[in-house]
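Take a look at this single chain, the form predicted on its own, given in structure tokens.
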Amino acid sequence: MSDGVEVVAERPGRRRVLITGLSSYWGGRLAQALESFAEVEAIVGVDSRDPTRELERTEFVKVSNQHGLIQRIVRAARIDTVIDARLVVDSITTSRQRAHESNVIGTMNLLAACAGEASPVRKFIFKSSGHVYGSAQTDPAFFTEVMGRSGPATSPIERDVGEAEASVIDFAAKQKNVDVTVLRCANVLGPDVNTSFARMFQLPLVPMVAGFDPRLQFVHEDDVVHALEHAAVNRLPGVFNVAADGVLALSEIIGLLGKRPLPVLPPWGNGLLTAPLRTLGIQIPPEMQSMMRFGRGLDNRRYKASGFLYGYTTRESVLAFAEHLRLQPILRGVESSYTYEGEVERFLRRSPLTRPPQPESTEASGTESEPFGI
């Protein structure tokens, strides 16, 4: 895969897109976004669970991650672009076993479904994570895409992300006719996405590790969706960091949120780090514990060189989240949720009764029609 900084983005023809993890936050939002793109001819979403967002053009197929079944869908629907949005990067969202099955086994099965000379797939986009870089005292201020982590992975999620991404890069080396794009996303912050940082920032007293004030970098949830859109409609093979401009010390973030710091966590030992909070029902997952001490920064220049524009800086992402927290008590109970009903969706999409009325024929209106093309 190319590691140069300069990237030439090319506009492709009409796309037939497969999105994995349609029921996930990222899969659902991306499908909604791509439905408005004229260059996207068809969208198929696959998942083992029902969609969580209302969709219009997207065809949903309930399927497990068995590569044989997905391969049949890919070839039958003549899919040329596959976007893998399944990666679990926060261990609070699921069990360890399910995360490993999705991240490692699921990625390998999906790649197998897209491989082969008979495959119509010509573009593969993988939503990855900055967890591949880790977080350590000896890390650079900002990781570029050609850098690696300074030590072995210290948490199961970090190991999963590294293994999954290694499989994707190996796939890119073997499938020369497929453009593979890897997007390594920084920590995400936004009103809707569920992350450990978002949960921690909602506390009246935000915990800190005694003696540490890490530099943190975020990317707004909307910018992640736009980054995936950008990769879907442009030719961008390679690895790219997706992270907003700027970093903030944790103490600065706490101040912008109108919160107060609680520097009570001991700076040594993972068990000792989290034990005081577990008694309060607060969970700091293993992949976040090193970041609470050392932070992490990603160099975002390469993706910006492809023409991508961020809507938020790190500071603006934090301020937008602060505004969300301020309005949350007012909006609670007002927002409506969506529940997928398969029979209703099939009726609305396929029944002739739901088709728009056709214009009256020229014979009924008493006028003569002219030959086509004249």
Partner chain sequence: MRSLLPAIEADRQIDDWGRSERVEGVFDATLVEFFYRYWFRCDVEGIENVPSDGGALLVSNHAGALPPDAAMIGKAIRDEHPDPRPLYMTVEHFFKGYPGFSALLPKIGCVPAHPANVHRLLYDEGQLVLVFPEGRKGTEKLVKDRYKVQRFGRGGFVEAAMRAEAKLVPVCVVGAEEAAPVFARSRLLQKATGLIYFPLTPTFPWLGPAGMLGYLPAKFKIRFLEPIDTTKMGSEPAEDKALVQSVAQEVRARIQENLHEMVSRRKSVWLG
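Positions refer to the first chain, counted from 1. Computed from a predicted structure; not experimentally measured.
Absent from the display: the form predicted in complex with its partner chain. The rest refers to it.
Trainee: Would you point out which of 291-299, 67-75, 221-229, 178-186 contains residues with a non-hydrogen atom within 4.5 Å of its partner chain in the model of the complex?
Mentor: One stretch meets the cut-off, namely 291-299.
Trainee: Examine Ala173 and determine whether its closest non-hydrogen atom to its partner chain in the model of the complex is within 4.5 angstroms.
Mentor: Flag for Ala173 set to no.
Trainee: Would you check, heavy atoms only and a 4.5 Å threshold, whether Ala305 touches its partner chain in the model of the complex?
Mentor: Yes, contact at 4.5 Å.
Trainee: Any chance Pro140 has a heavy atom within 4.5 Å of its partner chain in the model of the complex?
Mentor: Contact check for Pro140: yes, within 4.5 Å of its partner chain in the model of the complex.
Trainee: Do Glu341 and its partner chain come within 4.5 Å of each other in the model of the complex, heavy atoms counted?
Mentor: Close contact is absent here: in the model of the complex, Glu341 is far from its partner chain, nothing within 4.5 Å, heavy atoms only.
Trainee: Its partner chain isn't shown here, but in the model of the complex which of Ala112, Leu262, Val193, Ala136 has a heavy atom within 4.5 Å of it?
Mentor: Only one listed residue qualifies here, and that residue is Ala136.
Trainee: Just one of Ile92, Ile282, Met147, Ile105 has a heavy atom within 4.5 Å of its partner chain in the model of the complex. Which one?
Mentor: Only one option qualifies, and that one is Met147.
Trainee: Which residues in 187-201 have a heavy atom within 4.5 Å of its partner chain in the model of the complex?
Mentor: None of them.
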